[in-house]
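So this first bit is one chain, no partners, the form predicted alone, shown in structure tokens.
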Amino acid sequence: MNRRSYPGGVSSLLRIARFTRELTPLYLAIIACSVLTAVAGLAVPFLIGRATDTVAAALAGSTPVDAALRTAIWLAAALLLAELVQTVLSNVGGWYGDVMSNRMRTILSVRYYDKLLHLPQSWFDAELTGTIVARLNRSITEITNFAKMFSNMFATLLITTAAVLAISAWYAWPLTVLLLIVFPVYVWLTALTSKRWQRLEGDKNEQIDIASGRFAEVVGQIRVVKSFVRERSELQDFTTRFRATDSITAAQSSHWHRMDSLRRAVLNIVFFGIYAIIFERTVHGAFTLGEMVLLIQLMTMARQPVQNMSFVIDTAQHAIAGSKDYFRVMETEVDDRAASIMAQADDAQQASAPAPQLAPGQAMVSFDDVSFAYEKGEDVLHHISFDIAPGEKVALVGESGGGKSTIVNLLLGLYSAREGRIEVAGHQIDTIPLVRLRSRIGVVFQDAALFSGTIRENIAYGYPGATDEQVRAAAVRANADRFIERFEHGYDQVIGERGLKLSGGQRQRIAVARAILKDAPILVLDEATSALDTKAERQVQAGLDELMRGRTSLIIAHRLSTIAGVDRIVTLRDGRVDEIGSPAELAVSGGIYAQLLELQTAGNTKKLASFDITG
């Protein structure tokens, strides 16, 4: 298991504060309420002490009973006022704390989402979707819980402690000395606890995140799980992950409570000395009975912050562990072009951007000696070179793993080539803002990749400002209007997660309509009909033919019937260009395309099935 290095705990908490500095007014309001609450609380021991001396004087006969009673009543009223002030101010501070923690959740969530949208595709390749979501929920919950608790408690504890130290020094300096001993010792023992606790918390969070990620993945593909009867094994893996957290929690809790027992023992011994001094001084007449009560109450007030420190530190440790995972994502480097994508023109303007002007004879898309590897290691593309002229239809044909989809990924700027140049309209794509590059490329994937909203929202996804007439016109051209109108709510029909309420052919036709509405000058068809039956393929292909009209098209072919009308074919073998030519030329060349065509013509389905060209 790889361990990650993290910044120190205090620096993590300070980073959270800096990261949310816009909440400073709320922080200050909470602190102000805490200060006033602490001041009102400090008045209580003095009032009770004075009342104790008044009653004792009346019982001793040194003060008239009527005068003592009046004084005691006024002191009781003052005590009521102090407690009412405490009640009101603590609740006002609590309200500010609730608002602050929710705004912090909003800030952290929005920035996390913004960061995810700008991370490179390679980062997502190494992460489970469910883990990303689980990390967001857990990390931000732990951070906001601490912020709320800390802001409502810390100022009160700090002021109370400082006041108690000053008052106890006035009455008996040995009390202050003992308090000054117990505070740093308690903090030191807590720090000893923290290091191992955080390591175990990191291990536990890792198991939870993996289990939660798998959980989301299984729910999203529950039909696959059920069809392969994998419910038991998935549950077993999920259970194993969470049961692993049981043993980690047991070790973590044992360590914490052993150290907590030691801390409290030290605390009890020190306060034994404090109470002994107070009682001894009272017996010898140094303190009145009221002063003794005052000091005991002050020491109780001092003890409470020390004991509460365990709770503060426990919550802080959860926040620190959560913030490490959060900031690990936030520190991930992004492509500068991706980072500025939201600063570009809005989607509607970009979607309707005019086609670029080309010089005579200039290629619309050009790959020049391009090599690429997904990770540091062996290249999956080797010196790829080909051009696509404006309006030309070019098909990529090859075996599984030959690099067809990788070429599409590079063209979309999802990855950067290791060597060589990729140009669109005469401009190297590394110099083109991503929003402009992608606005000029329409894509229809093998998986239609729809969202859970309405049909209208999905068609207009690449052009949110489209009118109803534009959406309908795109659906008509995609051969989708008739089945859409048959739904009860027509274009406002909700299609479920990933469009699961639609058939494969219906999903693909909506994806085609989406690309038609985007109206980009370059079109990429990534095996857009490979998962469909013959009837659905014909329906979708009719929409694709309409979509390709007048556009520069790059087609990844699975079924040779889908590329019968292309201008040229590029065949790939082991990540290298094998042949380039027209369908007629390659049909007699003896290469990959000729072999596939021969198998298809001969109707040898067994051989065709063994020659896997998907991918």
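Since the structure is predicted, the reported quantities are computational estimates derived from the model, not experimental observations. Numbers for residues come from their place in the sequence shown, where the first is 1.
Although not depicted, the form predicted together with a small molecule is the subject of the following passage.
The small molecule in the predicted bound form comes within 4.5 Å of a heavy atom belonging to residue 446.
Interface membership of residue 406, defined by any non-hydrogen atom within 4.5 Å of the small molecule in the predicted bound form, is confirmed.
Among heavy atoms of residue 327, none comes within 4.5 Å of the small molecule in the predicted bound form. Using a 4.5 angstroms threshold between heavy atoms, residue 401 counts as touching the small molecule in the predicted bound form.
With the partner left out here, the small molecule still marks one of 211-219, 368-376, 168-176, 109-117 in the predicted bound form; by a 4.5 Å heavy atom cut-off that stretch is 368-376. Checking 415, 123, 271, 242 for any heavy atom within 4.5 Å of the small molecule in the predicted bound form turns up a single hit: 415.
For the residues 334, 389, 180, 380, the 4.5 Å heavy atom test against the small molecule in the predicted bound form is passed only by 380.
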